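Presented below, as structure tokens, is a lone chain in the form predicted alone.
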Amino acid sequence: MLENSKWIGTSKDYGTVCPVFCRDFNTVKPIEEAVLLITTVGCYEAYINDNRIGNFVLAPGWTSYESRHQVQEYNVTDMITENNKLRIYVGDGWQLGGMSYYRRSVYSAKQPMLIMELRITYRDGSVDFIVSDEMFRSARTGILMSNIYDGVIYDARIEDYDYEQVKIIDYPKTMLIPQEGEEIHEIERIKPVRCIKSKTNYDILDFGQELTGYVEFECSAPSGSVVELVHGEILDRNEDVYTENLRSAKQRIVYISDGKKRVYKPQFTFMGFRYVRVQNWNGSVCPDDFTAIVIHSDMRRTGTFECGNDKVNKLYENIVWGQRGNYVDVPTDCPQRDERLGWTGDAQVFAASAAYNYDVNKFFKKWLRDLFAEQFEDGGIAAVVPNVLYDEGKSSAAWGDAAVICPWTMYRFYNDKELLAECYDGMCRWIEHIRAQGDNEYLWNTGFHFGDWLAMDNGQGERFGATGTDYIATAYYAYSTSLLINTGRVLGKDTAVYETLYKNIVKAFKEEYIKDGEPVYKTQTAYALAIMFELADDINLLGDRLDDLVYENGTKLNTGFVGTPLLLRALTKTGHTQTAYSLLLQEDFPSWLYSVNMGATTIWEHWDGINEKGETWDAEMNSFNHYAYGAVCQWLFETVAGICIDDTAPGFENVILSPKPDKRLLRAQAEFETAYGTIISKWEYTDKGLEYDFVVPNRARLILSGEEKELVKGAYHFVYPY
């Protein structure tokens, strides 16, 4: 790929200033087609004759650049004229900007670079190639600084660039690959809902919704005026933008006016925010001059959920906004502070929920290829992918298990056997990595683990939950091994070795962690794990005890990142669906609806991100857009609406419809688009009884009131007494 092109960079060090690479060219014959192949070290925007090429924001995206660097292809036929100017602006992006809370550059490339090829095919059959080489020139631009975490400093006065010769860079091409992931696009535009004056006398714009993106604004100010926009998720006690939880991230836009009336939006950055502080504005701040632009990977929406409880509907809306805000080329933990990393644990617990809301197969396929490209030599999996935490290369249970859980989830939703086959060897290596830990190949009781991260059962303010990390690690060891066996069977592999391994892990788990039929850790998470992963002889007994634990805790959960996604599902699996509904509908802290009542518009990282006194959790780690607890979305679709995957016919070739209504919700409806058409499941309590409506796009197994029916394609209506 790009065999005849050269990597080019600036001949001088521009510091933080973003370069532009330029080449003029002419065409003398009628054109049949013009195709541009391009990528950069750093993020780019490309133009021909002042027309933007494509609409990929933050191209070329974020991959494991040392082994997988995406190249984009654009058809630019309609942009070419007789005399042409090609310009490519490059900002630091993920590759050069210094990622994670360490703020360090972890990649071998240390300066912005460009490689490209423009292939022009004429109607007479002849072809011209314009490639990146010594014919290009470069210049400093008015973008004085661009950074993923810190934002942009832009000087509108700098318009006339001083171009100079470029430099050929000896940088490899072997890692170049065609575009694989979903492109990041500008998806939605939102106007402020209000403008307030803080007690510190700043103008504060409230967009009414936490989002990921940036603000476009119209500015008219004297030349040299410096306007600054500071972004944050919540307001502090002074009704000013709260920035402490950003840590070192600045999340600001600095605009230096040239005295002309202009509409400006930043490049090569994004912010996680709802509120914006406007500083040094010329005259009164008018909300109409500002627009928030929502960006995320441009996935196709496939699922919706709605019910008779407005607060649950708001919770679902928050889940979707959390997914949108964190699916920016990789499944990140948060979009605002100096992190925004592809945490593997967050990704795997939310993967099924994500797939109910959007078509995420392409999104995950690209990310999983990065995950396995960075798999450690011993089979371990990094905590974040792409891995920018090299000195924290620990393989934690539930996090590293994304290597098995995510491919299997994509197979279940999309029947993607090719992805399973591609991942299989890496999945095996992960299981063998676990097997090699410690002195007992059937227990994972060594090393560092995040455990039930941020659970409430170990005291308020603690980060590690009360469930033993060895218990969680061995439970996941068993679960991932079972999924590996399933994968092997789908692919026609000999799974005998892993079947024996699985039986021995389960046996060792029961001997070590199950006493008198119950887990040694008396936590909601411990019981939920044993139930969902079937690691005890009598899971119904465990379900009864889990039910007791919930009520003993005031009908409240106290689970963290590991336990929460499983809790309601475990209760439902053991016949305690009413208790699961009670947890869903709980409004006192800690609960999902507590944050809704506190004004959340996305999912919080902590159950007590803001407590009832209005106090915030430790600013060191307190994101208000963290989707992990939004994994309850899976339960909304599979239990409330009853849309479930039949593992014998993945990809919803056959759907299991088994809704479990609760009168407290009054009604519920979910729609889900599959390869066969749209599934609709609806129920409502009416004067006639409990009415059900279903639309089946292919075939389904209906389970209602203990009865089973086989349904073919069509619409169905049933009424049951209640």
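Residue indices: 1-based, along the sequence shown. In this text the structure is predicted, and so the values were computed from the model without any measurement.
The following text describes the form predicted in complex with a small molecule, which does not appear among the structures shown.
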**Q.** Sole residue of F561, W607, Y358, F509 within 4.5 Å of the small molecule in the predicted bound form, by heavy atom
**A.** F561
Q: Taking 4.5 Å between heavy atoms as the contact cutoff, choose which of W321, W399, F652, F533 touches the small molecule in the predicted bound form.
A: W399
Q) Since the chain is shown here on its own, which stretch among 572 to 580, 342 to 350, 299 to 307, 524 to 532 would lie within 4.5 Å of the small molecule in the predicted bound form, judged by heavy atoms? A) 342 to 350
Q: Answer yes if any heavy atom of K365 is within 4.5 Å of a heavy atom of the small molecule in the predicted bound form; otherwise answer no.
A: no
Q: Please run the contact check for D333 against the small molecule in the predicted bound form: heavy atoms, 4.5 angstroms, yes or no?
A: yes
Q.
Contact with the small molecule in the predicted bound form for M621, defined as at least one heavy atom pair within 4.5 Å: yes or no?
A. yes
Q) Hey, in the predicted bound form, does Y502 get a heavy atom within 4.5 angstroms of the small molecule? A) no
Q) Mind checking whether each of H69, K173 and F372 has a heavy atom within 4.5 Å of the small molecule in the predicted bound form? A) no
